[in-house]
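Shown next as structure tokens: one chain only, the form predicted on its own.
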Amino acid sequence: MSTLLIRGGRVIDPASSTDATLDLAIRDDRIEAIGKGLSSARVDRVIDAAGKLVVPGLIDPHVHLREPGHEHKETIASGTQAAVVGGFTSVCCMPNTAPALDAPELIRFVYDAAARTGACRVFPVAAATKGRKGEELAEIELLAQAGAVAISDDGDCIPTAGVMARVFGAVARTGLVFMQHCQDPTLTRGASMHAGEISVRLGLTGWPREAEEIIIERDVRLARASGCRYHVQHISSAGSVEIVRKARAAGARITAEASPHHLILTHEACEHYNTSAKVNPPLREASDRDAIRAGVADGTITVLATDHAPHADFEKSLPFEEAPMGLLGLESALPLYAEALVHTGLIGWPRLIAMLTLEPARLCGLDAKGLGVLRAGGIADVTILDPDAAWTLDAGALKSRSRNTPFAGRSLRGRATATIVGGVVRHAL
């Protein structure tokens, strides 16, 4: 039996609308009590949380752990170490592995590997089509029974409406959500960055906003016809935000997520052929970035997700057009979200915490597992945040196996000082 007392922190629990200075007591893997003046007698460890935020363990519904098949980029062990440093107690891993997570035994492999080597909870997202080829449907109901928490061909879009309609029908029967990587491939062949003045100046093929927006418009119609829950991943364009806004206002079961880099950077980060800023979907213009922030502020976008995408140095060192797309997110996400959304006055900490806990839990059904909330008797997944901690991102000190971040050397404000998973302190400063 182990006991832990977190004393005097600002406890924020969006599920219960709690926002007060309280203590939180943990016994073994459960929260024993939340209240004022809890006794520290016979407690194994006391954490002083004065001046800090005590919140449900953060949840990231969109990460790439690369295992199986691409362990030179990341593993479940290294990726979850990065997660707990960033304050995340649960992550949902995407199926673009080798082989793709398109069979029940591969879903079970992820759970087994995470149980052996993971520093936090890992929930697999299963592929919608076999091999993620967008052609033949995977056994979606069997994948759900094996423990998949969502369905997606992430990394690729399902290109044809016919297959997409069949996928929506199958996913609707499971009650899971379908997560779409919105990219019309016929508009992005050979493209490596946003279609704009910088791509023209650099002599690179441009990636138009319409490639994303057309897919969302198509999918909203198909998803409504099937009754399937639909989620837009890593939204990147102002037009996409407006499509989602109108669909939600019309009653569609649609949600969307924003990633740190799309909230902070623009295509200007790709100047000088900077491959660390080469991502999918691409960084766009200031007007798009501002529209995404506005979409968060007005409730159009309800979820924040890193799209943590590790790549090895030798891959990112290739010429811009040949280098893979993606950047690291887990260890730097929290202060970047705060920089874009809290420090600008668009939202407060309670709303930010909801977008990192309660909302992703609801999206992936993790709320039914008791995650995303703080309550007496509940699972002791807790993150302690110092909102004012000043630090500089050192790429060499990252826990990830990869180093591909455009934020190296950036001055940041806010970080996780302790990450507790099932009552066990997995990270502490």
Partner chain sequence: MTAAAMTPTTTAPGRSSSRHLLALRGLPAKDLRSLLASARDAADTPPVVPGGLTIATLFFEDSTRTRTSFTLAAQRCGLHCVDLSAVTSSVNKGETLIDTALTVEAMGVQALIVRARQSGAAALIAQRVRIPVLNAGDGRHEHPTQGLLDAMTLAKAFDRLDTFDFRGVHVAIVGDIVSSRVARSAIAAFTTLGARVTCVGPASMAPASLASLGVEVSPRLDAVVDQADAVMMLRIQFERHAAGEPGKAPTLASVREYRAFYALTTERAARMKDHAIVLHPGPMNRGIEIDAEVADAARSRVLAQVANGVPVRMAALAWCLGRV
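Here the structure is a predicted model, which is why all the values come from computation and not from measurement. Positions refer to the first chain, counted from 1.
Although it is not shown, the form predicted in complex with its partner chain is what the next lines describe.
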{"property": "Residue contact check: Glu105 to its partner chain in the predicted complex, 4.5 Å heavy atom", "result": "no"}
{"property": "Partner contact for Arg201 in the predicted complex: its partner chain, 4.5 angstroms, heavy atom", "result": "yes"}
{"property": "Close approach of Glu197 to its partner chain in the predicted complex, 4.5 Å, heavy atom", "result": "yes"}
{"property": "Interface membership of Gly175, its partner chain in the predicted complex, 4.5 Å heavy atom rule", "result": "no"}
{"property": "Segment assignment from 133 to 141, 315 to 323, 165 to 173, 256 to 264: heavy atom within 4.5 Å of its partner chain in the predicted complex", "result": "315 to 323"}
{"property": "Listed residue (Thr205, Thr160, Gln145, Thr344) with a non-hydrogen atom within 4.5 angstroms of its partner chain in the predicted complex", "result": "Thr205"}
{"property": "Sequence-ordered list of residues in 261 to 299 near its partner chain in the predicted complex, where near means a heavy atom within 4.5 Å", "result": "His272, Tyr273"}
